[in-house]
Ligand SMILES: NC(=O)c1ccc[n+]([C@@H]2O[C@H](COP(=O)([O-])OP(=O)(O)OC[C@H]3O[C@@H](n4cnc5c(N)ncnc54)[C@H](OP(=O)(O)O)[C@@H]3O)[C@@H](O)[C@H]2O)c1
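Okay, so here's just one chain, in structure tokens, the form predicted alone.
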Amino acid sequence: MKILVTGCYGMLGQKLVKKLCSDNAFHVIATARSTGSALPAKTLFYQLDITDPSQVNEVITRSQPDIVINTAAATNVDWCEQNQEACTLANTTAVKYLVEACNKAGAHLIQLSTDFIFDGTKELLTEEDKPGPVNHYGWTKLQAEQHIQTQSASWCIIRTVLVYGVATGINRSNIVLWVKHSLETGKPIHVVNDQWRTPTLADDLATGCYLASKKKATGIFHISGNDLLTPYHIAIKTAGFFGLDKSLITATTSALFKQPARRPLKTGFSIEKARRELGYAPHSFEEGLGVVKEQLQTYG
């Protein structure tokens, strides 16, 4: 089975390509806007900017994948709020190009989406809960979902929450690495204690995408961690695990922590459907920290 992954040099993209390549049932086609670090030996690479419809059509028509997994997106929420046209192009318009090309090629589309399509008034959200984004990033991801559900011939949407982990050549940090680096350098940090998430180890998210691909699953799935935590709890647990100074961490509230984009307060996921239908079983947050520690040693 041929499977094409967009955004192959992102954190999820790297881990997903490696996971898929470990299964001889898949022939992996990795794509990204530009070349990057080395890919697994048997991976075929195409340069692809998903915001260019001619490139999308050419690459998918040429490679004829059975499945396309779209991990490429603009995910910096504050940047998206301040650059709304570019965010819409990357997260909504580009998905329309992918849907059209996948329909033409007869490919099954797996789209990565986000907890930020919700308004933050309920925790442990299920796949049936009603969306209501509170920022532009969330709106663009919801619009992509809606287009897929109405226009795609064969599709699966995987929503996730607050992804953390380690990968090669990643410029953007994530909450665990940010906390660890800040405390190691003696920098005091203020972390919100009124937002609730189910943080997701990137390796677990890759496994969820792999399981959905194996089953050619259809519909919507929530793939995240199983621990409902605030960012403050995450910071305290991270400090404790790595033996760092917790006194440098101060709890604050969303009202005092000013950011360009509003964040929903409660968006933790129920992952029962993914457990039941995909066999998904994530690490605990503490186990995830162990994976991060091991990978930091590996990546040097």
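Position 1 is the first residue in the sequence shown; the rest follow in order. A quick note: this is a predicted structure, and the numbers were derived from the prediction, not measured.
Another form exists, predicted in complex with the ligand; not displayed. Remarks below refer to it.
S.K.: Work out which of 72, 110, 107, 176 lies within 4.5 Å of the ligand in the predicted bound form, going by heavy atoms.
M.R.: Selected option: 72.
S.K.: Scan 229, 192, 157, 162 and let me know which has any heavy atom within 4.5 Å of the ligand in the predicted bound form.
M.R.: Spelling it out, the residue with a heavy atom inside the cut-off is 162.
S.K.: The ligand is absent from this chain, but in the predicted bound form, do 50, 115 and 137 each have a non-hydrogen atom within 4.5 Å of it?
M.R.: Yes, because 50, 115 and 137 each have a heavy atom that approaches the ligand to within 4.5 Å in the predicted bound form.
S.K.: With a cut-off of 4.5 Å between heavy atoms, is residue 170 one of the residues that contacts the ligand in the predicted bound form?
M.R.: Result yes; residue 170 sits at the interface with the ligand in the predicted bound form.
S.K.: If we define contact as a non-hydrogen atom of the residue within 4.5 angstroms of the partner, is residue 141 a contact of the ligand in the predicted bound form?
M.R.: Within the cut-off, so yes.
S.K.: Spell out, yes or no, whether the shortest heavy atom distance between residue 10 and the ligand in the predicted bound form is within 4.5 Å.
M.R.: Output for residue 10 is yes: heavy atoms within 4.5 Å of the ligand.
S.K.: So, residue 27 and the ligand: in the predicted bound form, are they within 4.5 Å at any heavy atom pair?
M.R.: It does not: once the ligand is placed as it appears in the predicted bound form, residue 27 has no heavy atom within 4.5 Å of it.
S.K.: Determine which one of 42 to 50, 61 to 69, 233 to 241, 271 to 279 lies within 4.5 Å of the ligand in the predicted bound form, judging by heavy atom distances; exactly one does.
M.R.: Comparing against the ligand in the predicted bound form, the contact stretch is 42 to 50.
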